[in-house]
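Presented as structure tokens, the chain that follows is alone, the form predicted alone.
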Amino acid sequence: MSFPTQVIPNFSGPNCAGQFFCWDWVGANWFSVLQPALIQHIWISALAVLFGLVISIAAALYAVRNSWFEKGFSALATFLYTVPALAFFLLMVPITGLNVGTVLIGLTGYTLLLLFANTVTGLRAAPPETIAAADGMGLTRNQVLFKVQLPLALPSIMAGIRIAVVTVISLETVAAQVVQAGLGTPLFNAQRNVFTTGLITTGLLAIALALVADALVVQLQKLVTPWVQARR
């Protein structure tokens, strides 16, 4: 998906001249600039969280049986999470190039600590009596892990997903300083042009996207963990 190099049109007519916020600019640029940027922001964020979730769950399932791996993976995930976002993306460019893949890799790295830690915590939170009962029923070690521990870990995993989603959406705007992608592209173009309408519009879209995404994850959490709501 490509974006025009100049997203701030020159409104010389009376419709936008001297206005703090110009609705005409929003209408004129919604389908050509704002909507494509919003859609790209959504799918990049979704892919980053999905990739991070797959990696984190696989790593956590292995880590609960191998403490050495847990320590190593936690150290790596912590290191990636503590690297400043802009520096991280800039360091990735010589390796992966100026493309959306660079953004995806960077954003996925920022989800690992959140998702891995919550998954491991959830897997280890299964009550010992539940594990003993599963063993007594003749379930194998793998069956206990996938049929008992992993389902019981869902509330913790969903809590990690909720934080990761909002984190990725916010960090993706920073990535536009390096690679033109998502809502950060029109946002920084508006900043360079000191264009208040563009700044307000793209900023509000990013905030609204984070709020809507958080609400959707909360509803999904209620759907996949109905027993948590029942206990309340």
Partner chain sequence: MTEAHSQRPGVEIEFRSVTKTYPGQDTPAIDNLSLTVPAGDICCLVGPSGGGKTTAMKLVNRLIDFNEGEILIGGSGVRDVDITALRRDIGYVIQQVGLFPHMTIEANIGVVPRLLGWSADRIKARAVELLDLVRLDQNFAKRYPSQLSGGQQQRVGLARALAVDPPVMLMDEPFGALDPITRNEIQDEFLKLQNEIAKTVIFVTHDIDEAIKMGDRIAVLRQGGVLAQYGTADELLGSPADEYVADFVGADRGLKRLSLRLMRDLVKVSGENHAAPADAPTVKGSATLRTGLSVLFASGSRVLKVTHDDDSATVIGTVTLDQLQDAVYETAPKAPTDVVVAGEA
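Only a predicted model underlies this, so the values are computations on that prediction, with no experimental measurement involved. Residue numbers count along the first chain shown, from 1.
Quick note: we don't show the form predicted together with its partner chain, though the next part is all about it.
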| query | finding |
| --- | --- |
| Of Pro84, Gly97, Gly72, Pro151, the one that lies within 4.5 Å of its partner chain in the predicted complex (heavy atoms) | Pro151 |
| Proximity to its partner chain in the predicted complex, single hit among Ala117, Met92, Leu76, Ala134 (heavy atom within 4.5 Å) | Ala134 |
| Candidate stretches 100-108, 76-84, 143-151, 156-164 - the one whose heavy atoms come within 4.5 Å of its partner chain in the predicted complex | 143-151 |
